[in-house]
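Below: one protein chain in two forms, given as structure tokens, structure 1 then structure 2.
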Structure 1
């Protein structure tokens, strides 16, 4: 591989201009992608870092005013921010049963489900994944409507009282967790099922010969061999769960009632585009980026340490 690549770059002994061009050649191919990433991700990241030390209302004619660490200090002492952080943790932990727990259990239980029906299940449980988030928000707003929604009608049929799924501060956050998770359950189930079916049947067969119980087979063979997928989905949920919830917060509750559903991403959006406090928003962004960056590094380390691969 190395040989061929080196000759690729150095052959063309037909004079200097061609040689120079070939040294630049890979960069010509990389340029479009690199330029986009630089202009819309990395330069803005540095600008956001700089902006986090300024006070600015984002109006074109106003100049940002340097305030040092004030934005960070204010943020850390705001009750708003504390609530948002707590909620972010709840979103993340609340999503795990829906993105990992239930799908894993379902995949283990239905591991050797064959037949024509399997493809039908597969097609159906995947639908929420491709439904647009705003559509998911709208259809759940209708199903969970306090006065006329189907779910409350069913609850009434069971003799239970109405639930204000989006208006009761004790319930609203869990409603949004559910909607976020609803889109993921089927998808994770498919990923786990795929990981499970990739396990060589000979392992399971051998264990059974040795008299292993079904539970022992799950614990000692299937779960360990599925661990890369389990860790991957857990990591994705932790890193991105709170971001996935943003659209539902914004479209359904606006962070309310009584700030019960807001999270750090929604707070950043409010500071930035509702109250026009660019400094606060970017400072919050920097904190979020730093914390999630550390979590990402930690997750990758865990993954390297605990994932079991079938070599």
Structure 2
């Protein structure tokens, strides 16, 4: 037996445990994060799913009573829940122009401006994003006050009548859509501007040398290469738009007037913390989780299908 054979016979048994450890090493790094996600997300989710089959008023000495699917049946038959679902759809659709259309136009139009002027425009647009939501709600309550608000004073100066922005059932929902979208414009503009600036200038220069017009450059180069960001913000708006409006509903209208501004998230909060119906609240949460989970799967499939990447 040679020295090389003897050396190999000693090395092989020691190499096997090292190989196994290197395969498990990424999971060891991820373990703390996975434990936190499991404890704070999936364990409460499973507990909420179990609670959705019980009737309980959340008092410590009361015992939850098993009611099966009654919570789900009652929720689906409630006019308030149907109104909340319709309003949730309106919130989602109404926010898309403000979170995607306007910011995309601003990012494209300011992309060709000079450095200082471009930064000034984008800073002015981004200011609403850094205002705390409850502060923004109070600010808009003052501005839209029907008797002493500045907006109604301007309308009166133009010879127009007063508008009950927060008290008219036909106007209040769209007022909250505007306030929520106003907060999102700066954030979306920042992401679109970052995506636009990441496009290689050589593509644009080559198109200009070929005689492409500015609109053709936008249509054929900038928009396709910004499509991952466009689809991402569209998906975020669909999944979280109604949830982002909760603060303004709670602070400005409380779901009124005549339930015209409520949505599924505000209904869940009312069931859980105003009427203390934990079973109804968790059942509504499970329905929202299932519906938005399916929508998220569809949105991810659309992103994989239509997003264009610069490879």
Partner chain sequence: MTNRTNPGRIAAHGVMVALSFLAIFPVYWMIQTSFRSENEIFSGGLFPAAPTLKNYADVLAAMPMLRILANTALMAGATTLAQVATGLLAAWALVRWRFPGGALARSLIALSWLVPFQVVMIPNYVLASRLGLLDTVAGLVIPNAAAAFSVLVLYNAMRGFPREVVEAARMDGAGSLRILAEVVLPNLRAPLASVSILCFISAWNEYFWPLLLIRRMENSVVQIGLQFFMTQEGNDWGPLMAAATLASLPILALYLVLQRQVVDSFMKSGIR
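Take the two forms, find the largest set of C-alpha atoms that superpose within 1.5 Å, and that set is the rigid core. Positions refer to the first chain, counted from 1. All values reported here derive from a predicted model rather than from experimental measurement.
Between the two isolated copies of the chain, the first is the form predicted in complex with the partner chain. With the core held fixed, residue 59 shows a CA shift below 2 Å between structures 1 and 2. Core-superposed comparison between structures 1 and 2: the CA of residue 222 exceeds or equals a 2 Å shift. Here residue 211 counts as shifted, since its C-alpha moves by at least 2 Å between structures 1 and 2 after the core is aligned.
With the core fitted, the CA of residue 32 sits 4.7 Å away from its counterpart between structures 1 and 2.
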